[in-house]
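The chain below stands alone and is given as structure tokens, in the form predicted alone.
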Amino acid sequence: MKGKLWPRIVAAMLGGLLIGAAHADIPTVPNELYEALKLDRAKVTPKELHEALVKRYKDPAQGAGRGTLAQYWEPIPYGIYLDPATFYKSPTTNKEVASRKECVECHTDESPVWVQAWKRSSHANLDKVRNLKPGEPTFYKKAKLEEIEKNLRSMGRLAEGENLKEVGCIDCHVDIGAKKKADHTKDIRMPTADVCGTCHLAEFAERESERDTMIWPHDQWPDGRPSHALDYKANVETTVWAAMPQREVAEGCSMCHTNQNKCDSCHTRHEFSAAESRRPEACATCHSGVDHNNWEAYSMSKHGKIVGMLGNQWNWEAPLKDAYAVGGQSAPTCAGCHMEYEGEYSHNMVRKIRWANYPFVPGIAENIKSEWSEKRLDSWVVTCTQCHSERFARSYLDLMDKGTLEGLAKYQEANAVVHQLYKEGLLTGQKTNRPAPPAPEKEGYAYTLPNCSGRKATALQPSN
């Protein structure tokens, strides 16, 4: 008996040492994030990293909540789903106290598509993930699951040696592993990005690092913007958005500016398929239209046309780093280019940003030949030379820059004409019985809000 007991004691001691040694030096998370959070990346534990990320993430001074213009607008009923951390409350119509099993049984009748999607997901099939074999496109998920369980042990949510059985309704909508039953009237929440980040710590930290790497050299934009990490703040801090009386129209903007608040803009519920989010169509939901016609430009390009013609033959289950070698891709995608930085892939999509969609923001064009911008251009060359020669890549990127500058010059010429017409009182309404047009909005990053720039930003009235 003693001979059998001793190895178990040693194993337990080693397990304790491993728990103590768990750290969160995540290679794909840039130094800037650890420095901003004042963390030693070589020593920080998953628990410490998550706590520091969540503290900043929930801080109104760092962009959480309704922002500095909150007195001027009220949420519409649908708004509780756009910023659930601020507005969502548990529903009171359902008085059920349900177990994990009962959640699935009830929603199989009440909302069957949710359940069907969840049953197809990795969340519902963790044993299948554990049994993946080397050579399978999704084999990487096995290591991901082990990483998640390590994170949860560091946070005290899993005991040493304990494995996740599944990720079910209660884990996301109440608390991870903490409750056996859920009271609908008290416990239910809509998951926010920090909830997903409890398990998916690397992805959460990568995304949050956009705050720390999107720093413009001459304050052309506020720190961390534009990015997914602060896209809701960029929305609610815009004067024309807050002043708009038609709140349903205003919240049409918010429907895309929700990546800061939650993860289901890209990883749609309840399957949360990585393969789905890798497809360009997932990005097209928001990156389209007259104000940022990225989807239209991409889908009409040769890259986009190849995806359209051949994409159904590719294996989208392959991770981005293996998309060409394993997945069979023969043209780049949005995620493949924008999530890549110096050969690594992460949820930080702004480390190569130079123009930021809106070249007419003052100072952007002047900055495009700066050392800051040129370094980012070099990183783009690394991306492009996966398929093209360096000479081709640099000549094309130069073409894009110069074409943008020439288009910007034409925009500024036309803008100056309109401003002069305003000064001379020659615009419609200035010398007729029609209402006078509002004064032009002051140029800046907030000047770029689409379809609303005619609104007078100073005409803010507190909402009741």
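Just so it is clear, the model here is predicted, and its values are computed rather than measured. Residue positions are given as counts along the sequence shown, with the first one as 1.
Beyond what is shown, the protein has a form predicted in complex with another copy of the chain; the following relates to that form.
Please determine whether S395 contacts another copy of the chain in the model of the complex, using a 4.5 Å cut-off between heavy atoms. Within the cut-off, so yes.
Should P27 be counted as a contact of another copy of the chain in the model of the complex, where contact means heavy atoms within 4.5 Å? Because no heavy atom of P27 falls inside 4.5 Å of another copy of the chain in the model of the complex, the answer is no.
Does W380 reach another copy of the chain in the model of the complex if we count a contact as any heavy atom within 4.5 Å? W380: no, not in contact with another copy of the chain in the model of the complex.
Can C196 be called a contact residue for another copy of the chain in the model of the complex at 4.5 Å between heavy atoms? Result no; C196 lies far from another copy of the chain in the model of the complex.
Answer with one of K119, K179, R130, K305: the residue that has a non-hydrogen atom within 4.5 Å of another copy of the chain in the model of the complex. By the 4.5 Å heavy-atom cutoff, the listed residue in contact is K305.
Selected contact from R279, R100, R376, H173, since only one has a non-hydrogen atom within 4.5 angstroms of another copy of the chain in the model of the complex: Only one option qualifies, and that one is R279.
Contact at Y81, Q313 and L399 by another copy of the chain in the model of the complex, all three, heavy atom at most 4.5 Å: Checking in the model of the complex: Y81, Q313 and L399 are all within 4.5 Å of another copy of the chain.
In the model of the complex, segment of 157-165, 199-207, 327-335, 138-146 with a heavy atom within 4.5 Å of another copy of the chain: Every other range fails; the passing one is 327-335.
Within 4.5 Å of another copy of the chain in the model of the complex: residues from 110-140 (heavy atom criterion): If the 4.5 Å heavy-atom criterion is applied to another copy of the chain in the model of the complex, 110-140 yields E110, S111, P112, V113, W114, Q116, R120.
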